[in-house]
Ligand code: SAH
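Encoded as structure tokens, the following chain is the form predicted alone, with no partner shown.
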């Protein structure tokens, strides 16, 4: 089995099991960003099955990824996938709730792709680990197009709360004077926040 075959299998399995993984457009942007900005150290909040960590790791030589996953089933699947790709030296996978993780090192890029309602808390928790020229990229900022709709149009109360929190996070990024944020209509929406 080639590495490409393994990657396709990882992606297919995730989609079949309805595990949310980054879109093709999103991962293409991320890997190009890593190459263009000479990113070496990456922190990912929300590993899922390891797909994005693997793709980021393979984007360029000398890239290391620390990624956090709290769901045991997904963590074990990610562990297996990373091993199959032979990337154990490149990816450090932590089985924890991100809020219980304390890291000392600095990262060039922090990629937030976990519980959407907690985006702002993740941002505030880990920004101390961001290098002075670093960037925080958040996925699913459009949340399947729901963020652009009126809250009254969303039937489910839980979904309304989620969308409200994502809208609040967007406002937090727009008002944050320490970062310049670009909102990109790629995949399910990306927010790219660079330190000023």
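Numbering follows the first chain given and starts at 1. Quantities reported herein were computed from a predicted structural model and do not represent experimental measurements.
This protein has a second form, the form predicted in complex with S-adenosyl-L-homocysteine (SAH), left out of what is shown; the following refers to that one.
Answer with one of 110, 91, 114, 78: the residue that has a non-hydrogen atom within 4.5 Å of S-adenosyl-L-homocysteine (SAH) in the predicted complex.
-> Spelling it out, the residue with a heavy atom inside the cut-off is 114.
Just give me the single entry in 48, 141, 163, 34 that has a non-hydrogen atom within 4.5 angstroms of S-adenosyl-L-homocysteine (SAH) in the predicted complex.
-> Checking each option against S-adenosyl-L-homocysteine (SAH) in the predicted complex, the one that comes within 4.5 Å is 48.
Among 149 to 157, 164 to 172, 66 to 74, 35 to 43, which stretch has residues with heavy atoms no more than 4.5 Å from S-adenosyl-L-homocysteine (SAH) in the predicted complex?
-> Careful reading of the contacts points to 66 to 74.
Using heavy atoms and a 4.5 Å limit, would one call residue 122 a contact residue for S-adenosyl-L-homocysteine (SAH) in the predicted complex?
-> Yes - in the predicted complex, heavy atoms of residue 122 and S-adenosyl-L-homocysteine (SAH) come within 4.5 Å of each other.
Non-hydrogen atom contact residue 21 with S-adenosyl-L-homocysteine (SAH) in the predicted complex at 4.5 angstroms | Yes, residue 21 sits close enough to S-adenosyl-L-homocysteine (SAH) in the predicted complex that at least one of its heavy atoms falls within 4.5 Å.
Give a yes/no on whether residue 97 approaches S-adenosyl-L-homocysteine (SAH) to within 4.5 Å in the predicted complex, heavy atoms considered.
-> Yes.
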